[in-house]
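In the form predicted on its own, a lone chain appears below as C-alpha cells.
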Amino acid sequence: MKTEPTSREGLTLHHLELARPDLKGMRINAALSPGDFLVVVGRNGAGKSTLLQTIMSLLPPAQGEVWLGEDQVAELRPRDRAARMSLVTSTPPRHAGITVRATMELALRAAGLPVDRSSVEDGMKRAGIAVWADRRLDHLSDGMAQRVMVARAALQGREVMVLDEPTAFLDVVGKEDILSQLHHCRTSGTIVVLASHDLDAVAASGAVTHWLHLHPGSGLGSTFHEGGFAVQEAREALRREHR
C-alpha cells in the first residue's frame, strides 16, 4: 500500500525503513486520522520497539519519513514534539519522592505549557487516579504506576500517544484499566499507537481501528490493515512465521 504524506491532521508513515541491519528491506506505510487506534503486532525481534522509537524520532529511519500533519516529526523542535506526542514504555519509571501530582505536572513542563493546577486535577480525574495524587510513584504497584504514566502521556501529547507494551507484567484488571484509558483517549481525538503481544486483551477493548503486522523477511515486511482488529487472523499470521 502506497501512502503519501498528507496535509490533513494525522500521522503518516511514508515508505519508512527502520535503521536495523536485520530489518533491511522492510517497508512500512500507514496513515492514521485523529481518533484512530493502531495496534502493532509481530514476533519477537520483528522491530516493534524500533518502529515506535522511530515514530517518536528517538531513532532515525534508514529511509522514509514520519509526518504529523504537514510536519515531519524529525524536523520538529523537541519541545514542539513533546507538546504533540508522548511515549509510554513497558516499565514505569520509579522516581523516589515524586508524587503522582508532580509526575502529572512534569507532563505540562515537558510540553512547554504552564503548570495549571486545574489541568492536572482534571487529567487525574479523567484517568481515575486523583485519589493517589499525593502518593509517591515508587509506592504504587506496577499497574497503578502505569495508569499514572498513561495519564501523564495523555496530558502531554495531545495528538499522538505511542505505547510500547504498556500492559506487560500487569494482571487482568490492570490491563483492562490501561486499555480503558487508551479507549477514552482515542474517543477524545488522540491517535493511539500501541505495540502489544497481548492480542486478546487488546481486541477485547474494542478500541482498535487499524493494525500493522511486521513480518520482516516476507514480502515488503509489513502489512497495514484498515478496520477493526482481526485477532484470529493476526494470530494465524504470526504462527506461520519462523523467527
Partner chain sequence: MRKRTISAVLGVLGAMLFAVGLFSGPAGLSPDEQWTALFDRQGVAGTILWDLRLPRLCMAVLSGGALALAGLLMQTYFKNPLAGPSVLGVTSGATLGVALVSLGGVAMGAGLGVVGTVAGALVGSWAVMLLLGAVIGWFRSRSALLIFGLMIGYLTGALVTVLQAGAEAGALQAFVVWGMGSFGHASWSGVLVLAAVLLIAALWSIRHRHDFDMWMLGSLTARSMGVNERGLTYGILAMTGALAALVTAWCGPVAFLGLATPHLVRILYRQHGAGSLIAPVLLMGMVLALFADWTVRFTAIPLNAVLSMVGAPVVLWLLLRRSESTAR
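Numbering follows the first chain given and starts at 1. Note that the structure is a prediction, hence the values are computed from the model and not measured.
One more form of this protein exists, namely the form predicted together with its partner chain; it is left out here, but the text below deals with it.
Residue heavy atoms within 4.5 Å of its partner chain in the model of the complex occur in exactly one stretch of 67-75, 121-129, 167-175, 99-107, and that stretch is 99-107.
Proximity to its partner chain in the model of the complex, defined as a heavy atom within 4.5 Å, singles out one entry of Ala207, Ala201, Ala31, Met56, which is Met56.
For the candidate spot formed by Val41, Gly228 and Leu238, no residue has a non-hydrogen atom within 4.5 angstroms of its partner chain in the model of the complex. Arg147 falls outside the set of residues with a heavy atom inside 4.5 Å of its partner chain in the model of the complex.
Contact check for Leu87: a heavy atom falls within 4.5 Å of its partner chain in the model of the complex.
Mapping the unseen interface onto this chain, Ala133 falls outside it, with no heavy atom inside 4.5 Å of its partner chain in the model of the complex. Using a 4.5 Å cutoff between non-hydrogen atoms, Asp142 counts as a contact of its partner chain in the model of the complex. Taking its partner chain as it sits in the model of the complex, the stretch 146-160 comes within 4.5 angstroms of it through a non-hydrogen atom at Met149, Arg152, Gln156.
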